[in-house]
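Below you'll find only one chain, the form predicted on its own, shown as structure tokens.
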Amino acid sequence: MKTKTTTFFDLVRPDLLEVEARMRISPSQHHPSLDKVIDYLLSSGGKRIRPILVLLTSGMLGADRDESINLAASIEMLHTATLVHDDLIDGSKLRRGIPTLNAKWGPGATVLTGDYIFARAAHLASTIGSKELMEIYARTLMTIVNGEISQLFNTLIVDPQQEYYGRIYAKTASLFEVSTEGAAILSGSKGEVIKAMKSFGYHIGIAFQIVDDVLDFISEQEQVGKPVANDLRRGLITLPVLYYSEANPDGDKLIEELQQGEMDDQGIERLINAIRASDAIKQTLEQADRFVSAGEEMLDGMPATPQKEALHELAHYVVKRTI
């Protein structure tokens, strides 16, 4: 018997295979190593949630299949490019349990490869021929890059929770948002439908990253393919840490120590165990549930199709997944 967590995937499986194929099509002559690297990156795993969002939204609203596949492929390529640069900036040697590109190549080659994949992503999007779509595509890329720059240079954080939500919007939710908004635009839908689907993508994207931040604490290293509580070790404050600090008399001091890198390894380990044992994890998951519920409300009034039901199922999967 199929579980609901696989139904939404099965509904778009044939189109998703075509998305994978188009991401591997080379539009022009280039260095042969680039094809090998792109194949390595695309074959290294990933849930393909963003292209699935494009395909389900397009199917629900009646968008052109070929254009939807190109949009799905371009957004997943954009996501792949951001991961290449993120791993280099963070100094990550593993992702999903396999070596990152910067662990195999030098920083110069890694940066240039990420740049090339960004260009490939934009090329795919441009083949659709929609000025409106390219505008929101460019907006999303600027949001992602601005988020990374802000993270690198923002040393004074007045409101850690506001900073957190801004950071995960730039990092994750912005790509979910453009997936559903872009598909709605392709369908020729009116403004209110586009706005609602943009909001759906935003809320599901925020919930997705919140759950990721929980899994960063409660999963084993073998599951996530990187050190447990990796963000905390890098001084990044996520929602479980914020909820834990709010319940801690010395919470403000704790946040300050983390932001300034003043906590030693033993202190980090004690904090990880304390957060795991606290109510912070439960509170964080409840917040993710609230974002999913708000997102699902945006589907009210959308056409009653199998794709609409699948979008509900995908929303539930976001908060119930274990990796």
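Residue indices: 1-based, along the sequence shown. None of the values given here were measured: they were computed from a predicted structure.
Here the subject shifts to the form predicted in complex with a further copy of the same chain, a form of this protein not shown in this document.
- Of the residues K282, H31, R270, R65, just one reaches a further copy of the same chain in the predicted complex with a heavy atom at 4.5 Å or closer; this is H31.
- Contact with a further copy of the same chain in the predicted complex, defined as a heavy atom within 4.5 Å, holds for exactly one of G188, G191, G108, P249, namely G108.
- Taking the partner from the other structure, a further copy of the same chain in the predicted complex has no heavy atom within 4.5 Å of any heavy atom of K195.
- Shown alone here, H79 lies farther than 4.5 Å from a further copy of the same chain in the predicted complex, counting heavy atoms only.
- Contact annotation: S245 falls outside 4.5 Å of a further copy of the same chain in the predicted complex, judged by heavy atom distances.
- With a 4.5 Å cutoff on heavy atoms, L141 counts as touching a further copy of the same chain in the predicted complex.
- Against a further copy of the same chain in the predicted complex, the set E297, L299 and M302 makes no contact: no member has a heavy atom within 4.5 Å.
- The chain is drawn here without a further copy of the same chain; in the predicted complex, the stretch among 211-219, 144-152, 196-204, 168-176 whose residues come within 4.5 Å of it by any heavy atom is 144-152.
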